[in-house]
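Here we start with a single chain on its own, the form predicted on its own, put down as structure tokens.
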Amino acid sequence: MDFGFSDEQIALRDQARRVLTARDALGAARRVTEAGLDHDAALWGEIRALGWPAITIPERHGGLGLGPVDLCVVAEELGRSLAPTPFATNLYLAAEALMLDGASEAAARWLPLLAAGEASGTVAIAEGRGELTPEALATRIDGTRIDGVKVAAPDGLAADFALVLARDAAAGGASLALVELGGKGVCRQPEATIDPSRGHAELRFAGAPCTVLGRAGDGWGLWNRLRDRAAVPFAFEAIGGAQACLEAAIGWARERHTFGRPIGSYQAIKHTLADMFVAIELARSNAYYAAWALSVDAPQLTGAAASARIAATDAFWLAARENLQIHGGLGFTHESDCHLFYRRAKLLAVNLGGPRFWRARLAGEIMAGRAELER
């Protein structure tokens, strides 16, 4: 089993890093935050021109037909630079859901537009506080119409369509439905989150037309499959962000002097940096294994995705927090970039379900595997 990247994937990674550095993606994140924008249009246009939105979309739908590992390579660089674009929502979630749906009319219509960067999609799952279950869904589907309110839809203001999880009374379960956001019966408004560099929206549906993806009533299972698959590139994003925090902390520890010595020469700083490095490398190992499981659709994917998600979330949170502390008083100022990574770490920790959900999911997989061995 080879967990190394191919020459082509290394070239893709290097290209992504060069472009995002040259276009000052981190500066774009600050500009979006300060201006209250949904995303950086110029940076998104550059990414579209490079063809990145087509990475995993099949060639028959106008995509490049590359694999999940190629997507993860780009995801890590996007996380390293905090690029404020709808790339993640489009590729990890919207496009992935349409590809899971197979050869449907919705996939045939929207995947070519997503691949060309001519349309954007979002997912609308959350409805408020508390654990979301199929029975607790307040959003309802009645035939081909949908009613309800969804909160924290990522990139929801710029999206052309939303994939909405709703209770389907006729099917006796939950369904995942596609709703065109420019149509009748849809109202959306911006919603504040801890990370203003990633736009979110509240979506209200009042008899809006919708199309159910897959089989009616199978929406919860489809969402869980989608969540497992999206967890892997999101883990790589978190690792990229954590790595950037580590590098910034090392750079500052070399530059900042106290009592005539660089602060990096003090044992407390050395140990903190070492802890950050170990956490990141542990997360990277889990993420590589999860990327392999995703690329071959292995039975271990759920457990591997949960492990990667947990390790990457913990690593990014540790690195973002300690980077801010190592920068001292400067790190707490708005002019410092530390708070941008701190905010992104907190957002990525909850965007597919919080740490408690993923720990329970991993524990369930471990217990299921143990029960299987004992039979």
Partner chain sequence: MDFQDSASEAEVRADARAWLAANLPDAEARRSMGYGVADEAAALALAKTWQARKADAGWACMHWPAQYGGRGASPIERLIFEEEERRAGAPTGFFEIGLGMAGPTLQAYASEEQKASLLPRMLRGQDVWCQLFSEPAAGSDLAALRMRAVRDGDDWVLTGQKTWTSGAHYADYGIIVARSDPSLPKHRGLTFFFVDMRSPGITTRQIRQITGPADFDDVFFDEVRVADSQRLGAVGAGWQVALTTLMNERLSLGDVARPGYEELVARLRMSEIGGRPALEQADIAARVTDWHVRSRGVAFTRARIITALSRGQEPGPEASILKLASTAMFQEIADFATGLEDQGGVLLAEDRQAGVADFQFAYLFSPSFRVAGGTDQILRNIIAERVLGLPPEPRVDKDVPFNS
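Positions refer to the first chain, counted from 1. Everything quoted here is computed from the prediction, not taken from an experiment.
Keep in mind that the form predicted together with the partner chain is not shown, yet the notes after this line are about it.
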*Let me know the one among K184, K270, R215, R140 whose heavy atoms come within 4.5 Å of the partner chain in the predicted complex, would you?*
K270
*asked:* If we define contact as a non-hydrogen atom of the residue within 4.5 angstroms of the partner, is I310 a contact of the partner chain in the predicted complex?
replied: yes
*Would G128 sit within 4.5 Å of the partner chain in the predicted complex, counting heavy atoms only?*
no
*Does G264 reach the partner chain in the predicted complex if we count a contact as any heavy atom within 4.5 Å?*
yes
_in the predicted complex, N90 touching the partner chain (heavy atom, 4.5 Å)_ = no
_the partner chain in the predicted complex: contacting segment from 249-257, 157-165, 216-224, 189-197, heavy atom within 4.5 Å_ = 249-257
*Hey, which residues along 360-375 are within 4.5 angstroms of the partner chain in the predicted complex, non-hydrogen atoms only?*
L362, A363, I366, M367, A368, G369, A371, E372, L373, E374, R375
